[in-house]
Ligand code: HEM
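Shown here is one chain on its own, the form predicted alone, set out as structure tokens.
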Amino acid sequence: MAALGITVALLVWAATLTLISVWKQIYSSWNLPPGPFPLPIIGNLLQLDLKNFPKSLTKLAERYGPVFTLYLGSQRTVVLHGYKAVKEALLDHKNDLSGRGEIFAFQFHKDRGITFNNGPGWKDTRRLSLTTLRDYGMGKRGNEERIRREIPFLLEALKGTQGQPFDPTFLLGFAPCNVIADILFRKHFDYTDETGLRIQRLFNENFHLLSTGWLQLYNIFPSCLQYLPGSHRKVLKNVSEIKDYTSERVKEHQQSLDPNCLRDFTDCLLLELQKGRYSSEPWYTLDNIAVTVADLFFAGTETTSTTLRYGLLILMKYPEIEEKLHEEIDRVIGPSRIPAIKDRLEMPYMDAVVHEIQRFIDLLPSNLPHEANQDTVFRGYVIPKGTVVIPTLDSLLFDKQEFPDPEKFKPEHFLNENGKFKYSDYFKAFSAGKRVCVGEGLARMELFLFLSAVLQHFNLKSLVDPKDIDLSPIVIGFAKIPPHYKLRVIPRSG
């Protein structure tokens, strides 16, 4: 029996060595960027901290350089770290590396819509969406008016808290939610509307769960984990419910569509379907329109809502910054006029604070995954077609040369010696290139106008000593999720 046991052990040992040898030959057959040697099946999982995936990438970049290879399970991944490598990939190789790496939690959106689409219709869907957003009263001027119309509703809801502690998550979230809902399907939710609250809860829960270690593990091993219990099932269910909601709105619009009186974004896309311009394209369907609307609804609500919520917490941590903002607002806007985008030219400090909030919170640290559309030569290496590419955004936003003391919140990062706003090309919070955020312009306006309006009318009051406020995110993964908190807003004397 002992001899048999030794023989079996030797056979297992020999088989393991053979498997590793074969795997090593396959691994080294490409002229890939350097990186840690992957193990069969699990890849480089042992080198990663799923509770802080972006930090793991930073540590590996320190060892292997700004371009390195990583295996997430069996998925070959090339990570780009630092301004030069990220900019080169997103702009100089924007056509080669503009595919979308699959996020399995959004499998219901696969090859449809804009954000998670890697199918043949992605370019046309994105182009049509951008053209529609620009040409049908949804450009810069139209969006500014939408935001300014929403400001009184936001201020009234804040006033309704009557100086009592409240959780700002959904109250603040209604503002960007209503702006994008008006663009998409001419809808406005009351700030206590149950449907609006339900949608925001779905968005908020998914944003949080997508950033947990389990969901990142699920996206690496979906075929193994899909049948197990876990929070991935909740995310899939939420994604399905959101898509069902937008599908219903699209069907309602189709039934009442008047080609001579287009009401919103959804009408515009339905008209294109009716005209038959894309009739020969199998991807242009009602389902594709519904997913496109769902993509824009989620992105247009949750990212801005989270940034606003994080921003108020930061300002409570630094009351001296809030006081400077009050002074600038009083001087430029006054006590009652609704803020306008033109005010930004005379409000460099507010402009700097808005940019610094986005830089500091580093909302999507590792970007959304890209994919190589074809074999691509990059800095002498070959990135094979189908390789996932991660152009890290935190490596730009926390660059120590561009932003001294990057771990500290300093509006001075975006101010010159004369106190004027200073642009930085390292500010790529919305990514860049072919996959740059469709709603970047809208989000920039919302953050400036909503924050200006809130601070114009209210003082922010923390329930704890500002020194005790912890700004650390509670979860780091797909996104950095801010801590839960309550605050009081006290009306300012006009």
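Counting begins at 1, following the sequence as shown. Small disclaimer: the values here were computed from a predicted structure and weren't measured.
What comes next is about the form predicted in complex with the named molecule, which is not displayed.
Colleague: Does the trio 169, 314 and 463 actually contact the named molecule in the predicted complex, every residue with a heavy atom within 4.5 Å?
Modeller: No.
Colleague: Determine which one of 49-57, 65-73, 448-456, 425-433 lies within 4.5 Å of the named molecule in the predicted complex, judging by heavy atom distances; exactly one does.
Modeller: That would be stretch 425-433.
Colleague: Can you check whether residue 79 is within 4.5 Å of the named molecule in the predicted complex, heavy atom basis?
Modeller: Outside the cut-off, so no.
Colleague: Would you please decide whether residue 122 lies within 4.5 angstroms of the named molecule in the predicted complex, comparing each non-hydrogen atom pair?
Modeller: Yes.
Colleague: I'd like to know if residue 246 sits close to the named molecule in the predicted complex, meaning any non-hydrogen atom pair within 4.5 angstroms.
Modeller: No - in the predicted complex, heavy atoms of residue 246 and the named molecule never come within 4.5 Å of each other.
Colleague: Answer for residue 300 alone: is it within 4.5 Å of the named molecule in the predicted complex, judged on heavy atom distances?
Modeller: Taking the distances in the predicted complex, the answer for residue 300 is yes, it comes within 4.5 Å of the named molecule.
Colleague: Tell me, which of 215, 85, 202, 296 has a heavy atom within 4.5 angstroms of the named molecule in the predicted complex?
Modeller: Comparing distances to the named molecule in the predicted complex, the residue within 4.5 Å is 296.
Colleague: So which of 181, 354, 269, 363 reaches within 4.5 angstroms of the named molecule in the predicted complex, heavy atom to heavy atom?
Modeller: By the 4.5 Å criterion, the partner-contacting residue is 363.
Colleague: Heavy atom within 4.5 Å of the named molecule in the predicted complex: which residues of 364-403 meet that condition, in order?
Modeller: 364, 367, 368, 370, 393 sit within 4.5 Å of the partner.
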